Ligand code: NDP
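Let's start with one chain on its own, the form predicted on its own, as structure tokens.
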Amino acid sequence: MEISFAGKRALVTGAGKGIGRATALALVRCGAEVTAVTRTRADLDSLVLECPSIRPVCVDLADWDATDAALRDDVVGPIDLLVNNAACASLQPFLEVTPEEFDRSFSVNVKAVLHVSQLVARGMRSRGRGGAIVNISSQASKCALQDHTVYCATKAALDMLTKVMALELGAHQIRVNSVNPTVVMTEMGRLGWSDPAKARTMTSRIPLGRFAEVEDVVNSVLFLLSDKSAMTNGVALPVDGGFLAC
């Protein structure tokens, strides 16, 4: 199945590393003009070095006013495709969750998605050509995980945000879906799950018996952004090897 985004403009948040970086590069290969957003200048510089056609935007999405200034429609131009990938995760047992960590996680994982999506969707609506938005969620939105109190809560909130966005934006032909991966073998994923004993605690619960590769997630994102999924709206798509099916 061939997917082309020729003539489309895409914006990817959290594009400096991992899934976001791979998604930005994949969109370029599929013909899209890509704006890459992250808060780390060094990551943007290396991304542009790898792919000079990518337009970099350095901004901390937790800063509402700075995000407003950086991502307004008249600044980044018209956007047809949006991938909300930026997120943070800090593991704490339930009884040790701090208000600071709660606020930081919800600010990035939920509030920033709301804000960026508002900015982009207003432009999509005004142009009347529709568009597609994919939010990167997690299997943690649907299954309680030890020490993931706040992370699970943010991703559950993101899944419901996705559904309400799909409901309200659908009339403007703007589709909104989420991708919900298991552990993904990004650089950080390999570091965090390199211990075989620790890895088995999770892979033993995945029928396919392995973690996801970055390409598994990226391919799902590309499908949901494309016209191949023209009637898919408001879904949470597990990329988890069957973890949530058991």
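Predicted model only: the values in this text are computed from it and were never measured. The term rigid core refers to the most C-alpha atoms you can superpose between the two forms while keeping them within 1.5 Å. Sequential numbering from 1, following the sequence displayed.
Omitted from view is the form predicted in complex with the named molecule, to which the following refers.
Colleague: Open or blocked pocket for the named molecule when its pose in the predicted bound form is superposed here, using 3 or more ligand atoms within 2.4 Å of backbone or C-beta atoms as the test for blocked?
Modeller: In the predicted bound form, the named molecule occupies a site that, on this form, remains open once the ligand is superposed onto it.
Colleague: Is T162 one of the residues lying within 4.5 Å of the named molecule in the predicted bound form, judged by heavy atom distances?
Modeller: Looking in the predicted bound form, residue contacts with the named molecule do not include T162, since no heavy atom lies within 4.5 Å.
Colleague: Could you tell me if L82 has a non-hydrogen atom within 4.5 Å of the named molecule in the predicted bound form?
Modeller: No, L82 sits far enough from the named molecule in the predicted bound form that none of its heavy atoms falls within 4.5 Å.
Colleague: Does D60 reach the named molecule in the predicted bound form, with heavy atoms at most 4.5 Å apart?
Modeller: Yes, D60 is a contact residue.
Colleague: I19 near the named molecule in the predicted bound form, any heavy atom under 4.5 Å?
Modeller: I19: contacts the named molecule in the predicted bound form.
Colleague: What I'd like checked is whether T40, D43 and V183 together line the named molecule in the predicted bound form, meaning each has a non-hydrogen atom within 4.5 Å of it.
Modeller: Every listed residue reaches the named molecule in the predicted bound form, so yes.
Colleague: Based on heavy atom distances of at most 4.5 Å to the named molecule in the predicted bound form, which listed stretch, 185-193, 24-32, 201-209, 47-55, is the contact stretch?
Modeller: Answer to the contact question: 185-193.
Colleague: Just one of A87, M124, L169, L71 has a heavy atom within 4.5 angstroms of the named molecule in the predicted bound form, so which one?
Modeller: Residue within 4.5 Å of the partner: A87.
Colleague: Which residues within 131-155 place at least one heavy atom within 4.5 Å of the named molecule in the predicted bound form?
Modeller: Counting only heavy atoms within 4.5 Å of the named molecule in the predicted bound form, the contacting residues of 131-155 are I136, S137, S138, Y151, K155.
Colleague: My question is whether V28 is one of the residues whose C-alpha shifts by 2 Å or more between this form and the one not shown, given a fit on the rigid core.
Modeller: False for V28: its C-alpha shift is below 2 Å.
Colleague: After the core is overlaid between this form and the one not shown, has the C-alpha of A66 moved by 2 angstroms or more?
Modeller: No, because once the rigid core is superposed, the C-alpha of A66 moves less than 2 Å between this form and the one not shown.
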